[in-house]
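Next up: just one chain, as structure tokens, the form predicted alone.
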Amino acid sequence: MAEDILVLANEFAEVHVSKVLTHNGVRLRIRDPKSDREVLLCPLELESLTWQDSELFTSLLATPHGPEDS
């Protein structure tokens, strides 16, 4: 069965989102096709995103590829 992929994109980024079944249950796969990096998020991890305010996401975007070397 082919995997259903939802593509979300704007002028800054593109991600491919799909639902996958793992040995630990269903996960949401979010993949960046440009870097070929991906993350699998469980329902609790997804729910925890709703607990955050926009300040968290702003801080994440300050260094989108991780902390800069000092």
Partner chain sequence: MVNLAELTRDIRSGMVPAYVYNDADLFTLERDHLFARSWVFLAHESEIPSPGDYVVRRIVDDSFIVVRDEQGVVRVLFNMCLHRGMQLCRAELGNSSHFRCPYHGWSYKNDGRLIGLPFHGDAYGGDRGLVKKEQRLLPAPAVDSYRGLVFASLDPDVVPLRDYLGDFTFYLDFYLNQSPDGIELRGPQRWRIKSNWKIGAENFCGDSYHTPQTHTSVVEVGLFAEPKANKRKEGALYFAGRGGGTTYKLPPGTFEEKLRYVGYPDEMITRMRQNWTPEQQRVVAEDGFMVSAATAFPNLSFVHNWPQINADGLIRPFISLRQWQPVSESETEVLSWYAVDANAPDYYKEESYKAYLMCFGSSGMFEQDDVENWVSITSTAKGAMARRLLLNSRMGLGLDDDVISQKPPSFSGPGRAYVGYGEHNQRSWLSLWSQHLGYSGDPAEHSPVPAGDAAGEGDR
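Keep in mind the model is a prediction, meaning the values are calculated, not measured. Residue numbers count along the first chain shown, from 1.
This next part talks about the form predicted in complex with the partner chain, which is not shown.
K.L.:
Can any non-hydrogen atom of F12 be found within 4.5 angstroms of the partner chain in the predicted bound form?
P.N.:
Output for F12 is yes: heavy atoms within 4.5 Å of the partner chain.
K.L.:
Using 4.5 Å between non-hydrogen atoms, is F57 touching the partner chain in the predicted bound form?
P.N.:
Flag for F57 set to yes.
K.L.:
With a 4.5 Å heavy atom cut-off, would you call L21 a contact of the partner chain in the predicted bound form?
P.N.:
Result no; L21 lies far from the partner chain in the predicted bound form.
K.L.:
Considering only heavy atoms, tell me if L61 and the partner chain come within 4.5 Å of each other in the predicted bound form.
P.N.:
Because a heavy atom of L61 falls inside 4.5 Å of the partner chain in the predicted bound form, the answer is yes.
K.L.:
Residue by residue through 20 to 45, which ones have a non-hydrogen atom no more than 4.5 angstroms from the partner chain in the predicted bound form?
P.N.:
If the 4.5 Å heavy-atom criterion is applied to the partner chain in the predicted bound form, 20 to 45 yields nothing.
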